[in-house]
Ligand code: AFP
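Only one chain is given next, in structure tokens, and it is the form predicted on its own.
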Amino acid sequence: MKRTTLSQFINSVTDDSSKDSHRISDIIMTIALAGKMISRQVREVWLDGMVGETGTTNVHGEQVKKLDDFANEVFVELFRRNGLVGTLISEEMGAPVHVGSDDLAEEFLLTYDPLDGSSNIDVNVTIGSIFGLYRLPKDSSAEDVLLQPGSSLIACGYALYGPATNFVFWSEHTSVCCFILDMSIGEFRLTDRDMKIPENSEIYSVNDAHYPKWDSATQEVVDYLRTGRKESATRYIGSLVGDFHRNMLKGGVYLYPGTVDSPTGKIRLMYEAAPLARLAVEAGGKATDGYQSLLDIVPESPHHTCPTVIGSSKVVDEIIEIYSKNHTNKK
């Protein structure tokens, strides 16, 4: 069966009379190109000797994998050459990086995690890239102007590198769309032009080895997911993109709560939680930190972290109710 290619699809939704629309389309196509380049390197990582660490740490104190570094440079170099966006914020860079080449570029901010789940690289488990695109007001060089909530996103998505390479995105001109990389022609082909996350599911994804470190409300949430629902099932890959993509298709909820010692957790708002939250909401799901929508949180820094609950709307509502009850009882 002939499937629409990403370039054909993008052309069909681009407003020819709008420079802004063309710019957004070109940005999405550039991100898709980055996904192809990273996908190729993921397939060749063992043959090219790119396993292991670089010997450096990133802004979060994490060891940087060689493939992390490669993936980040792919994004930087592509956007430095085409000048489509003004500023980049990445997990692998301590501060925002200016790459824009004209006035229109200054109106766009791209945030991204170049390689989510990189601890899985050396063991050949699913990993991915996440991105968020924001429109900025002019004269937006000050960092506080860059710090926008997920409700301001104009496009977001991810590439998933597994047995096949998927490219999933939403923009203000489209619904949530899913593409798969056809290796025979080197093009992404459309598989779903309006993805919807199932409203309910018994699947939950959480690293419950952290159970002793959670507060009582989070422990009650996970106890409920384990035993309070009809047929509970745990599915945890340890790759945010992998767990999120499965739940988009099968239904379920992903949780990365904070701990007593680290209340805000480790999921980064601007380039992980908010883009995936926006995708989930646009696909009929919900996203919260337990007490408010992830899309309403204004980041305090480019690397702001927050507790994260994303997935099927019915399950997320049940989780919010438990957190709300605990919060009320503490008053």
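Numbers for residues come from their place in the sequence shown, where the first is 1. Here the structure is a predicted model, which is why all the values come from computation and not from measurement.
Another form exists, predicted in complex with the named molecule; not displayed. Remarks below refer to it.
- With the partner removed from view, the residue among 280, 31, 267, 67 that has a non-hydrogen atom within 4.5 Å of the named molecule in the model of the complex turns out to be 267.
- The partner is absent here, but in the model of the complex a heavy atom of 238, alone among 94, 83, 228, 238, sits within 4.5 Å of the named molecule.
- By the criterion of a heavy atom within 4.5 Å, residue 62 is counted among the residues contacting the named molecule in the model of the complex.
- Taking non-hydrogen atoms only, residue 115 approaches the named molecule to within 4.5 angstroms in the model of the complex.
- In the model of the complex, none of the heavy atoms of residue 224 sits within 4.5 Å of a heavy atom of the named molecule.
- For the chain shown alone, residue 289 is not a contact residue for the named molecule in the model of the complex, no non-hydrogen atom being within 4.5 angstroms.
- Although the named molecule is omitted here, in the model of the complex none of 36, 124 and 167 has a heavy atom within 4.5 Å of it.
- Contact with the named molecule in the model of the complex, judged as any non-hydrogen atom within 4.5 angstroms, is confined among 230 to 238, 215 to 223, 186 to 194, 74 to 82 to 230 to 238.
- Using a 4.5 Å cut-off on any heavy atom, the residues of 194 to 218 that reach the named molecule in the model of the complex are, in sequence order, 207, 210.
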